[in-house]
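For reference, the chain that follows is the form predicted on its own, supplied as structure tokens.
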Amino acid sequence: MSILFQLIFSGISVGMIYGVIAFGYQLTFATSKTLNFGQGEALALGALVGLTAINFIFGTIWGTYIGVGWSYLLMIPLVLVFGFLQGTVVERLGVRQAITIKSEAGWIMSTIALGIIFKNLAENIWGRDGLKFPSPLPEAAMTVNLGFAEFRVQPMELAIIFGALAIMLAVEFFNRKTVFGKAVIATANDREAAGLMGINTTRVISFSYALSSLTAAFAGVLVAPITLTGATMGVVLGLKAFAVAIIGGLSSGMGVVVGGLILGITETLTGYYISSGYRDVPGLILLLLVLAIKPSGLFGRATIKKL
């Protein structure tokens, strides 16, 4: 029972990372029916920029007084700004023109191409070797006693769960409680009608891409302390998050979170009880089943396309 709870908790932390990245997919799909297939690279760039920032802050005289923990907190706003700007660049260079001429293949290839460019830039700037990201929290595991079960968790796993929830709730709060956020929701509901009502839908779409990359960059600095940081760290995470978005439903923010938890827990349980070599198989089987039975996703809404 203790092992089961430990595996489930680890799966939740992994699943929340998937959920944050998939949440970024959902943001752009809601407003423009397009996706940024360079989300994995946005995550890697966020982690690498964060590593550079935290090393600079900790390496200066500030680091003598504030330590790694506060250096990490000071680094986060810089990473968020970088992710926001990176997403804006992706939308301007890779998506806007394709949306204007209604080219479905255009934005797919453009976002993939930009992702490859960003990955190559990262490899040339930071190298191809994995880099150690300093952990802001103690690396020693804590013991959690539930009475009927006892298991150990890493403090950074808790930080991942709460950090992922915080960024997604912050975006939802912005969308529902601010004027510009309501413009985002209006554009997501009906882009043409929003445009007729005077909403600058082009700016809204650009903003959704900026938020998408911002969440991915934040996910990068969340996961970096428990793994190696490098230009390719986001490739697999980006692909799995895309599977999560399909499983949960691209039209549902809550759906992508639940989909991430399902995939994360399934992977950890499979890796332990069956074999690490089959870790990815249940998630792929679930993806195929969802596509066959409910193509819109477990929590997605089927849309009727008018011709």
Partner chain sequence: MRHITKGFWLVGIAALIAAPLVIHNSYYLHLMVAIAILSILTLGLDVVFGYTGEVSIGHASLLGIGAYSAGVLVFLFNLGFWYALPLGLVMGGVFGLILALPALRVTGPYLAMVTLAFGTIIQILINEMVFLTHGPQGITLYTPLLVNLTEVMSWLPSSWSESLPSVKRIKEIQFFYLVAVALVFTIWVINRILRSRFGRAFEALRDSPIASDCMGVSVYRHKVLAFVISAVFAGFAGVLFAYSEQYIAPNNFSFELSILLLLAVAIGGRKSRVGPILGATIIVFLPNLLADIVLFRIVAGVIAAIALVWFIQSLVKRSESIRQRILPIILCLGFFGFSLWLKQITDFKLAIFGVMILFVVYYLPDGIVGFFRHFMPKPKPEQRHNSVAAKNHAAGFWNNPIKSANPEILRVKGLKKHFGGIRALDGIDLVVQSGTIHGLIGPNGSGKSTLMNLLTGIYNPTEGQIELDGQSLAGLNSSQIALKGVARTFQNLQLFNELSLTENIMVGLNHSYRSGFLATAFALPQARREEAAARQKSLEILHFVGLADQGDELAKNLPYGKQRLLEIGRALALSPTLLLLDEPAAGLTAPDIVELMAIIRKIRDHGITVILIEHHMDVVMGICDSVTVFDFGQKIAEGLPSAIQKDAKVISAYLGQSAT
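Positions refer to the first chain, counted from 1. Note that this is a predicted model, so its numbers are computed, not measured.
The form predicted in complex with the partner chain is left out here; the points below concern that form.
Note on contacts: among 165, 73, 199, 117, the single residue with a heavy atom within 4.5 Å of the partner chain in the predicted bound form is 117. In summary, among the residues 193, 169, 146, 105, the only one with a non-hydrogen atom within 4.5 Å of the partner chain in the predicted bound form is 105. Here the chain stands alone, but in the predicted bound form its contact with the partner chain, taken as any heavy atom within 4.5 Å, falls in 120 to 128 among 120 to 128, 180 to 188, 155 to 163, 210 to 218. Although the partner is absent from the chain shown here, 98, 242 and 293 each have a heavy atom within 4.5 Å of the partner chain in the predicted bound form. Using a 4.5 angstroms threshold between heavy atoms, residue 257 stays clear of the partner chain in the predicted bound form.
Although the partner is absent here, residue 94 lies within 4.5 Å of the partner chain in the predicted bound form, judged by heavy atoms. With a 4.5 Å cutoff on heavy atoms, residue 281 counts as touching the partner chain in the predicted bound form. Within this chain, residue 51 is remote from the site of the partner chain in the predicted bound form, having no heavy atom within 4.5 Å. Residues of 150 to 183 that come within 4.5 Å of the partner chain in the predicted bound form, judged by any heavy atom, do not exist; none qualify.
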